[in-house]
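Just one chain follows, in the form predicted alone, and it is written as structure tokens.
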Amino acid sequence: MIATKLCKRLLIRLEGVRIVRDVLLEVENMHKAFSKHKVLKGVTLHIHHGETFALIGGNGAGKSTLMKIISGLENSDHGEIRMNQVPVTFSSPNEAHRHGVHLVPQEPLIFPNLTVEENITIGIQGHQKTLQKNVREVIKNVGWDFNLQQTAIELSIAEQQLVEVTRGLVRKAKLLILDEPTSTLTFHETRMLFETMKQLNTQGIGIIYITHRFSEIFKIAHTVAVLRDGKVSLKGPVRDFEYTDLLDALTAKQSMGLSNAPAQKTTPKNEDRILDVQNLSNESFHNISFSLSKGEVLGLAGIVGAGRTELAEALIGITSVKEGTIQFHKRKMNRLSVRKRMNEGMVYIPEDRHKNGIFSIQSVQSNLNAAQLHQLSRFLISKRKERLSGLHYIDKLKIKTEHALQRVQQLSGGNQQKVVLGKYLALSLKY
């Protein structure tokens, strides 16, 4: 008996080896349409106990809609969900929770005026001291450092994401859905999350892991599926695929006109320099200097709290600087307002699009034109210019929406981000 148990534990811990497990979740022939726009077109997936199932797909491929159906946030038009081979229908997230399904959303859902501990335990029945002990044990096992009595409004996006993950762990979900959980995590936090996921797998917990980072798939997942245009274009054990297989299934390489020719490297010339930052300092960063040339992409990396966001906000004028200079196209920016810097062609895409990037209850068209209303009118806004501008950037950025007047909050996360980008690109549109 003891030998049998040891063998089972050993088999479960073998990484990279596909183990025959009982099926936890079955999604069969799932269809969903919003108005005339078909989002899911017959998706079938099987997730097993103790398996990490990676799901990838481009913006608007149907990932978010599928996860909302599985977690009770949306109803399907056609198809069936089975948990442990028993048909189920989730009409609400509460029902999904009762069956052990927990979704960790891409956009954290935080109650800003509650403490971290209250945010984690909200909705859980039980004695307060028992809940507190449970939360502390989960956090300790994962290796995260939380001030549980801190007000949630003080948390960064990365910290809010960790609260969401902790919610699922505390609720002991049988199926944990992680929607791009590492997008705002540091290397250490990501490594600890992966270790936690492996521990959960050994306990028989299934994980659906949504990501755009291929390297993570080969590190953590047992199975992978690619969604493209509402259909599964590739599915199988991770060990059966290479990076290029996933890329081809994701992008439809032949229709993208991609070339295997190496990119030509060029050295920027001094006369191509458009941004020059010298010895910039304030309370959050000190003595920062760099330059940027035309056609160049400059990466800025740092752990949470290192001052990345504060530096970006200082460049656009949201926060002030104590020392140093910002020159854009050889013009000093330090004393210019945010609006004047935008008029010069400098814009800022914020990290929290829901808080600072979009008007969620307004239409796609209204959001795309929000930054250039002064260009659309002399006294009254030109409805014709507003409509043409909106349609132009919906087409240019391939924003997947039913129509220009659809609310932004109904779009997928990737398409919402395109709207934020289009809003600032519209500033350069000439009529």
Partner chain sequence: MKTFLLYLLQRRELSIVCFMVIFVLFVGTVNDDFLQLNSMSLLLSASIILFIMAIGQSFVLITSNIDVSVGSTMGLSAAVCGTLLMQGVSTWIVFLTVIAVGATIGLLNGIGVSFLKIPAIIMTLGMLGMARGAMLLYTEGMWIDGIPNSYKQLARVELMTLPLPVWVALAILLISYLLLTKTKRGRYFYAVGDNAEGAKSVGLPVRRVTLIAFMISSVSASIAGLIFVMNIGFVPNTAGSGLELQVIAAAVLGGVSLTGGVGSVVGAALGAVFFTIINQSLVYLMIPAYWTNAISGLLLLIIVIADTKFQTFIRQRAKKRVPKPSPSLKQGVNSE
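Numbering follows the first chain given and starts at 1. This is a predicted model, so every value here is computed, not measured.
Not on display, but discussed next: the form predicted together with its partner chain.
Taken together, the three residues N94, Q125 and R213 all come within 4.5 Å of its partner chain in the predicted bound form, as judged by their closest heavy atom. Mapping the unseen interface onto this chain, I153 counts among the residues with a heavy atom inside 4.5 Å of its partner chain in the predicted bound form. In the predicted bound form, no heavy atom of N75 sits within 4.5 Å of its partner chain. Contact check for L109: a non-hydrogen atom falls within 4.5 Å of its partner chain in the predicted bound form. In the predicted bound form, none of the heavy atoms of H99 sits within 4.5 Å of a heavy atom of its partner chain.
For the options L292, L148, L131, A312, the one in contact with its partner chain in the predicted bound form, meaning a heavy atom within 4.5 Å, is L131.
This chain lacks the partner; the member of T186, S281, N343, S360 within 4.5 angstroms of its partner chain in the predicted bound form by a non-hydrogen atom is T186. In short, of 229-237, 205-213, 322-330, 83-91 it is 205-213 that has heavy atoms within 4.5 Å of its partner chain in the predicted bound form.
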